[in-house]
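Next comes just one chain, in structure tokens: the form predicted alone.
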Amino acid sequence: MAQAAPSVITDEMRALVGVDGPPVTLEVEKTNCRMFARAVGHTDLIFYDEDAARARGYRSIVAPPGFLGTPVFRPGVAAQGPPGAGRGYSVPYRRVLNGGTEYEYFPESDTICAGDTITAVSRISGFEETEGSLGPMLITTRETTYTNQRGKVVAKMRGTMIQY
């Protein structure tokens, strides 16, 4: 009888499940909103023109869906990286694949607009090992909560990363 391969999920990794990572500060700026909207093909003027956005009841240019700000860069300070990055574990697999990303917005709390400062906090939801057509895989799920400068949760992201 063949012996099962040892798990790549270590005790250190298990200890990270459900633990908040360090907060990442993101700024929502007009130019970045416009660039993102243009890159993904949005044509609604609320993503480009402040007067059009205000005429529709928004505080400023609206952040397009999928854009939650740009990490604040501080020279001489270690880069924050994307929310949840650098959690201190290694995996023996060299290939990485985005297994899907889902955003949930809470516009009833506050629509994300230019001028907002967002704090992102990510946590690993779980690890799962499985066998794919190319061999063993590790599936990591994580959730990131985005809170604005007024302390309101404005969005949550749930993502899946596949390493094989």
Partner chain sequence: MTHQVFFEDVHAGDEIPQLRKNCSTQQLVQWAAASGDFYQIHYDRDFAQATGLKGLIVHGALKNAFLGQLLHDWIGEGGQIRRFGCSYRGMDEPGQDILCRGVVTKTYTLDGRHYVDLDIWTEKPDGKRTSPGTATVTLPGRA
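Positions refer to the first chain, counted from 1. As the structure is a prediction and not an experimental result, all values here were calculated from the model.
This protein has a second form, the form predicted in complex with the partner chain, left out of what is shown; the following refers to that one.
Residue contact with the partner chain in the predicted complex: Arg123 places no heavy atom within 4.5 Å of it. Contact check for Thr101: a heavy atom falls within 4.5 Å of the partner chain in the predicted complex.
Interface residue remark: Arg54 is not counted as part of the site for the partner chain in the predicted complex, having no heavy atom within 4.5 Å. Not displayed here, the partner chain is approached by His42 to within 4.5 Å at the level of heavy atoms in the predicted complex. Exactly one listed residue, out of Cys113, Ile46, Leu138, Ile118, brings a non-hydrogen atom to within 4.5 Å of the partner chain in the predicted complex: Ile46.
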